[in-house]
Structure formats: structure tokens, C-alpha cells
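Given next, in C-alpha cells, is a single chain: the form predicted alone.
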Amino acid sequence: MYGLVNKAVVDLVCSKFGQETWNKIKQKAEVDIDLFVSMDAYPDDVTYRLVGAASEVLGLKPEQVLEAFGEYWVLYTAQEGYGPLLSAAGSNLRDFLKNLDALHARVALTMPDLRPPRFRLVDVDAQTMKLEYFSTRQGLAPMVSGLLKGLGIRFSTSIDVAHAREGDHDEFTITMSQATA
């Protein structure tokens, strides 16, 4: 994964729990990197170890850590200069989700080692959508749940998210409290 992801993990932990907690997580994960470079690729194992250590240190399930990170990621990437790119992907939740693969394709232009997931949005009705998530990385579905919740906040749309594993992919049913265009 790119350093941008790991930098966001550092920022989330430090902003919510402090530098001392981050130091404990880093030590438990046996990660001796002091500064992650946003545009450098790091082994996925580094991120997985950080999530596992954060789970232990914070007393949370790994799924809870990933979901909190996913929600945080939406705000973090906007602050890190990706706000205009996020805005170009859609002005409401439905349009944004339809454009996820195109968004990742644009990001891949600057991050050649990017291995993004693939998404497919299926409209059910005015309030309900199903997002199909395909990834070569295992265990990140809780992060997608958090991303969806963060996007709900970004687009001022109250949502409920239900997750199920469907064969070769994960499926997220997103129910909005009000219809969006």
C-alpha cells in the first residue's frame, strides 16, 4: 500500500489517542519506519501489522479499527490535497459511488504501483443501492463500510450500511434516509 494510507493511520491514532499510543502500536507491530512517504509503496504487511497492533493496544477488534480508519480516510484524503479529485468524482453519494473505478484510475496516474479494488454500483431504488467490492487484498471489507459512512458524512446523507460476502466479492447494501439525485 502507498505511504499515504499509513500516514493516515498515524494521523488518526495520534489525533485521537496521542503520540505515546502511536509509539506503542508501532513497537508492537515491529515497524521501525519513522516517517511514511505518501508516494512510496510499502508492503501490505506493514499496514496489516499496524492494524493488528492498533487492535491490541486500543482494545478494539481489527474490524473496528478498519471501519474507523475508513471513515477517517474520507476526511484525511480531502485534507491531503485530494479534495478537488474527490469533488470531481461526484456531487452526491450515488454519483460518487458510480465513479469509484474512474477515481482510482485517475489516482493510478500518479501512483503507478497502485492496486485498487474494483467496484460496481447496482441501483435498487431511490433510497437503496448495492455496492459490489472486488479486491485482491483480504479482510478490508470493514474499511469499506467505514469509507461509506465517511462518504455519507461528506455528502450530508444519512445512511445505513449492511455487509455480506457474495461468492468472489463483498456486497454493501446502502440505504439512504432521503432520496438523492
Ligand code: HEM
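In this text, residue numbers run from 1 along the sequence as written. Only a predicted model underlies this, so the values are computations on that prediction, with no experimental measurement involved.
If you look for the form predicted in complex with the named molecule, you will not find it shown, but the lines that follow are about it.
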Does each of Val10, Cys14 and Leu60 have at least one heavy atom within 4.5 Å of the named molecule in the predicted bound form? no
Please identify, from 22-30, 141-149, 50-58, 120-128, the stretch that has a heavy atom within 4.5 Å of the named molecule in the predicted bound form. 141-149
Can you check whether Leu100 is within 4.5 Å of the named molecule in the predicted bound form, heavy atom basis? yes
With the cut-off set at 4.5 Å between non-hydrogen atoms, does Ser135 touch the named molecule in the predicted bound form? yes
Taking any heavy atom pair closer than or equal to 4.5 Å as contact, tell me whether Met176 reaches the named molecule in the predicted bound form. no
Residue-level contact is defined here as any heavy atom of the residue lying within 4.5 Å of the named molecule in the predicted bound form; does Tyr72 satisfy this criterion? no
Contacts with the named molecule in the predicted bound form, stretch 86-107 (heavy atom within 4.5 Å): Leu86, Phe96, Leu100, Leu103, His104, Val107
